[in-house]
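Consider the single chain below, provided in structure tokens and representing the form predicted alone.
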């Protein structure tokens, strides 16, 4: 989460989250097509899941807020296709191909589409974990211009490590196409008053998943 409009934790004015009973997977047929395009283009391996998230995060604020869930997916996919040279802005404006497409040398078959692609993001560790359950830590005060998984409301806050979740692909690097850069991942718990101030409910604790580069000893 870079410092963009999508990072809404702790922000006021957006109203309650209202769950829709028996909500269908898609409300319109076009949403299913967007999902299919996402799956198909992900099969090319041209970007990571974190690169996909980053493309949504950098949508203009008014566009992001006005768009529905699958509209954001679609707009982010458009950005990635242009960034990787698969289509041009002029072709999007025209609504059709204006040039021959690039050959990707990878074919998505019907059988591929039927088989769920459960990717693994755990990786071998280059060093031992720096922290253990029970350790007091403080999150770094980060304000990156690119993707990060450390939300704004939890920066420069004191918490306690609850669990070590293994070593995984570091999203901040993967989003930039800079490789896996495996890092240890922890569950870190914070008192609500540490996050929100003295008016917060003292009985509430909030846990987040935080990568080791986000943390320093408290």
Partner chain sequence: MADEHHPHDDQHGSELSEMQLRVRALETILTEKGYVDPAALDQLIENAETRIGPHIGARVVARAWSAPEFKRRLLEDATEAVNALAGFDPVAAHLIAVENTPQVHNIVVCTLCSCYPWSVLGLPPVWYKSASYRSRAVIDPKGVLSEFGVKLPPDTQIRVWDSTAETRFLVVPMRPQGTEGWSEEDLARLVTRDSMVGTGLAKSPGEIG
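Numbering follows the first chain given and starts at 1. It should be emphasised that the depicted structure is a prediction, and the values quoted were computed from it without experimental measurement.
We do not show the form predicted in complex with its partner chain, though everything after this point is about it.
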Inset, instruction - Could you work out which of 108, 83, 136, 126 is the residue within 4.5 angstroms of its partner chain in the predicted complex, going by heavy atoms? - result: 108
Legend entry - Residue contact check: residue 58 to its partner chain in the predicted complex, 4.5 Å heavy atom: no
Legend entry - Contact test in the predicted complex: residue 130 vs its partner chain, heavy atoms, 4.5 Å: no
Inset, instruction - Consider residue 50 of the chain shown here, and say whether it contacts its partner chain in the predicted complex, taking contact as heavy atoms within 4.5 Å. - result: yes
Inset, instruction - State yes or no: in the predicted complex, is some non-hydrogen atom of residue 156 no more than 4.5 angstroms from a non-hydrogen atom of its partner chain? - result: no
Inset, instruction - Enumerate the residues of 4-36 that have a non-hydrogen atom within 4.5 Å of its partner chain in the predicted complex, in sequence order, or give none. - result: 6, 7, 8, 9, 10, 11, 12, 14, 15, 16, 17, 18, 19, 20, 23, 25, 26, 27, 28, 30, 32, 33, 34, 35, 36
